[in-house]
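Okay, so here's just one chain, in structure tokens, the form predicted on its own.
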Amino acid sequence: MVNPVLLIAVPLGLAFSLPIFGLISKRLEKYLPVIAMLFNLSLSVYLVPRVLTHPIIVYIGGWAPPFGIDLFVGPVGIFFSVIIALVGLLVSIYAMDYIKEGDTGKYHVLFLLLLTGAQGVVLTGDIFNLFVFYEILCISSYALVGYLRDRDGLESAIKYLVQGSIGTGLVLTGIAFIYGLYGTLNMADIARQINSIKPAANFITLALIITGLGVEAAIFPMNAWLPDAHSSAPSSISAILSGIAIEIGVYAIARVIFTIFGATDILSFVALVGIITLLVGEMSALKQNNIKRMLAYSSTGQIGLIVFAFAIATSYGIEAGLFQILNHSLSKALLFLAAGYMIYRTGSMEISSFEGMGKRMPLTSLGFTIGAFSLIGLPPFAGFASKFLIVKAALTKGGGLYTCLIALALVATVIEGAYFFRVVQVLYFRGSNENVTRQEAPVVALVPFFVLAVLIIAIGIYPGPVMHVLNSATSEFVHRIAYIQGVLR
């Protein structure tokens, strides 16, 4: 059987070897991320049937946990691996023509390192290695936000660096407390011992780690870096930050709460924070005239909805949260990639400058519209199924709190619809229709648009295969004892 460690080793190896290939031919550089992500996607899809039957546990160096480091390739890990590889592949194809300025070799190295970090976070079974991979992801993100080296980009990168460093510092402090309390860094071993320490010590540790991870996940009020970073970075990086990076933060939070601490007693508070994040994000997006800032605040809102779904903590809730992560990754990647070429053609990020784009760039505008409708939750797109599951999960949970919170979530969806329909109106129903010259995005960019749009529609119409994977992934979070026993067998 192919070793899952290749999911980390191949992109990492290509990242470090890319400068050597660059010496041979500068044209080779832009193909290496495509090759790496195509390999990861093929391997991830190949491993899905095996992982759904039984998780794959890899002992690094042959040392079994808790003494050694392990990779736990379960349904959750393989679900995220497929998303990371798929979105990473499509964005890397897009970037082949889109990234022309600056040191493109460094861009592709950082891009591969970001995806390597994301892959490592979702597969590792060691909490310190989770931190290490998380730092790889974050540091690569800081550099890529300032890639263009303009004033706005550098300012945004520094803001992101400062806030992100505080967040990772809190995470590292929490991990140090864990090691001091339990003498181990293996997540399953920590989970096995978690009830042997006074609850107050566990609560402080949990609070430090969740707060730190909340920065990268862009949970309110730790989301101040997000609008500037998204609006200043190249659109291909905005797509990765929104479609992968912040979801990895949510994954890490869920892993810590459900698997390590089993901290179900704080979930009502987490649900409230999720809805506040949702409302703040959507109301902030409504006020924006800059398309990328609007999409950035929309990402904050979507993360709030995902956090709320996870906080329901039932099988329906976690399944709905994972489905919404899939929908958000595909839809927001499509939105940022489409917006990137509309900005390139108009030279402006102002929504008003996109008047008549539906005629000038019909395929690009159609891609944007599909992504927007899916995020709103309209049928037959993927977002309808994910939002329906969230509503169902909240109502099934019962109780006055969750009923009120899901009502607020539906209000936020109306707000979301208002600003996305405003953009669609600008694209198709404003501007002159006379003497229209088509300036469609290049074919290399239309390929990712087409694949993302087809996936969004196909999953919305026939969600069965996705639901099969999500059912197994949900069980991994709900049944933490099985995770512990599987690793420490």
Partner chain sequence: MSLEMLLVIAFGGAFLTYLLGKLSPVLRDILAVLLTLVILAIVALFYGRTGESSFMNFLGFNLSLRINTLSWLFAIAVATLGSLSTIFSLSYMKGKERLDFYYLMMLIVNASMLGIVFSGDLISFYVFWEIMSWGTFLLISYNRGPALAAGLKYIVMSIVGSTAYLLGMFSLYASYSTFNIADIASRISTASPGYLLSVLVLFSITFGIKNALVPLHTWLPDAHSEAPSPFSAVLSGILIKMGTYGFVISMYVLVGIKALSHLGHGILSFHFMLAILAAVTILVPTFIALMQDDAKRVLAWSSIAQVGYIILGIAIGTSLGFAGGMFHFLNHASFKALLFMAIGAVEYRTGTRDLNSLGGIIKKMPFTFMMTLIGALGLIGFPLTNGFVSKWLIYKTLILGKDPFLAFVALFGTWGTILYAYKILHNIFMGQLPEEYKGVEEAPFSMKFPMVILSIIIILFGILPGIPLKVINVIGVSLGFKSLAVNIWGIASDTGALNTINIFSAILVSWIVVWLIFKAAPTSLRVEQDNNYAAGSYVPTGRYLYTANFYAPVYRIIKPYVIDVVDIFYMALAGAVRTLCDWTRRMYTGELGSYVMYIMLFLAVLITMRLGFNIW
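This structure is a prediction, so every number in the text was calculated from the model and none was measured. Residue numbers count along the first chain shown, from 1.
The following text describes the form predicted in complex with the partner chain, which does not appear among the structures shown.
Asker: Where, among 79-87, 237-245, 191-199, 341-349, do residues come within 4.5 Å of the partner chain in the predicted bound form by heavy atom distance?
Answerer: Only one stretch qualifies here: 191-199.
Asker: So which of Ile406, Ile257, Ile99, Leu172 gets a non-hydrogen atom within 4.5 Å of the partner chain in the predicted bound form?
Answerer: In short, Ile406.
Asker: Could you check which residue among Leu410, Ala176, Leu401, Leu154 gets a heavy atom within 4.5 Å of the partner chain in the predicted bound form?
Answerer: After the contact test, the surviving option is Leu410.
Asker: Establish, in the predicted bound form, whether Lys30, Pro49 and Phe449 all lie within 4.5 Å of the partner chain, using non-hydrogen atoms for the distance.
Answerer: No, the candidate spot makes no contact with the partner chain.
Asker: Is Pro463 close enough to the partner chain in the predicted bound form to count, meaning some heavy atom within 4.5 Å?
Answerer: Residue-level check for Pro463: yes, a contact with the partner chain.
Asker: Report yes if any heavy atom of Val444 sits within 4.5 Å of a heavy atom of the partner chain in the predicted bound form; otherwise report no.
Answerer: Outside the cut-off, so no.
Asker: Taking the partner chain as it sits in the predicted bound form, is Ser141 near enough to touch it, meaning that at least one heavy atom pair lies within 4.5 angstroms?
Answerer: Close contact is absent here: in the predicted bound form, Ser141 is far from the partner chain, nothing within 4.5 Å, heavy atoms only.
Asker: Is Val478 a contact residue for the partner chain in the predicted bound form, using a 4.5 Å heavy atom cut-off?
Answerer: No, no contact at 4.5 Å.
Asker: Could you list the residues in 384-405 that come within 4.5 Å of the partner chain in the predicted bound form, counting only heavy atoms and keeping sequence order?
Answerer: Stretch hits, in order: Phe384, Ala385, Lys387, Phe388, Leu389, Val391, Lys392, Leu395, Thr396.
Asker: Your call: Thr314 and Ser196 CA atoms, closer or farther in the predicted bound form versus the shown structure, by 3 Å or more?
Answerer: Relative to this form, closer in the predicted bound form.
Asker: Ile197 to Tyr179, Cα distance in the predicted bound form relative to here: closer or farther, by 3 Å or more?
Answerer: Distance between the C-alphas of Ile197 and Tyr179: longer in the predicted bound form, by 3 Å or more.
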